[in-house]
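Here you get one chain, nothing else, as structure tokens; it is the form predicted alone.
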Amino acid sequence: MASVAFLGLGVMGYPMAGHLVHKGKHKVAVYNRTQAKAEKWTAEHGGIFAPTPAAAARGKEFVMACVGNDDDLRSVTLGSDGAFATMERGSVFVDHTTASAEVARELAEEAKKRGIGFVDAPVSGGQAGAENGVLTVMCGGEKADFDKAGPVIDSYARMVGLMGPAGAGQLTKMINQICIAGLVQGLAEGIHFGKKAGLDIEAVIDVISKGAAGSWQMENRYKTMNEGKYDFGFAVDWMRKDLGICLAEADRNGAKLPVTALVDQFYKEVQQIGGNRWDTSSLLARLER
């Protein structure tokens, strides 16, 4: 049993923090910008809620965070109300936010000055993966900090890997999103083509999913795509945020991402037709307008 704080109780953080209590058997304090959400969580799972990240982090061995973006992450770590202000030497901060590699390196350096470990640890698996405790976690940081935090992260993960130094977890998540963007666009075009050709999409996918075209996206999204159902899952707004991070990093390191840039613009078109909160598989909706 470890003493843990969890900062950010969104669609991912809420169930992840719950797994720390029920699967990990850890003692958990939570913080959320909207306090009512933190109160609801403690009513369901026990533990305590705190009014600030600093209060939640005080005396904890591990502080986990899953917030929205770079600025949100800075707001829960830095300043007098931030977690770093009260974390003790030897404790470890684990960031599950999908953010930039730049902010990961910045905060890792600040944590090091304070004698705090820092692991950037973005996740893949979506809301369902968080709820079922089977996320894939891509980590960057010092091996000693990773080894220390690993058993705690295991509470909501089925795969946890150290990718390299600070920022490497975020870079790996970028690759994950780059690959998904191309896959979903290909799947959307394939289903769209099949419909136009008058084929039975169920029968088509049943065959091709067993071959080289098969993917997680195909297995888990083709039915809802075929039915035009998108009101669930990983939102287009979130995917555009992630792809923006990928494209900005590519500008810095000189990588060429032509397909990623194109699919990002396709998602912009989905936003323009009101699909901001639709699942990322809604690229098909753009083709069927």
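Not measured: the values here are computed from a predicted model. When you see a residue number, it is the position in the sequence shown, counting from 1.
The same protein also exists as the form predicted together with a small molecule; that form is not shown, yet it is the one meant from here on.
Using a 4.5 Å heavy atom cutoff, Met12, Asn32 and Thr98 all lie near the small molecule in the predicted complex. Checking Asp72, Glu142, Asp154, Asp81 against the small molecule in the predicted complex, a heavy atom within 4.5 Å turns up for just one residue: Asp72. Though the small molecule is absent from this view, in the predicted complex it lies within 4.5 Å of a heavy atom of just one residue from Lys37, Arg240, Lys27, Arg58, which is Lys37. Contact annotation: Phe234 falls within 4.5 Å of the small molecule in the predicted complex, judged by heavy atom distances. Among residues of the shown chain, Gly68 is one whose heavy atoms approach the small molecule to within 4.5 Å in the predicted complex.
The shortest heavy atom separation between Val76 and the small molecule in the predicted complex is within 4.5 Å. A residue is said to contact a partner when one of its heavy atoms sits within 4.5 Å of a partner heavy atom; Gln127 meets this definition for the small molecule in the predicted complex. For the small molecule in the predicted complex, the listed stretch (59-67, 252-260, 39-47, 222-230) containing residues with heavy atoms inside 4.5 Å is 59-67.
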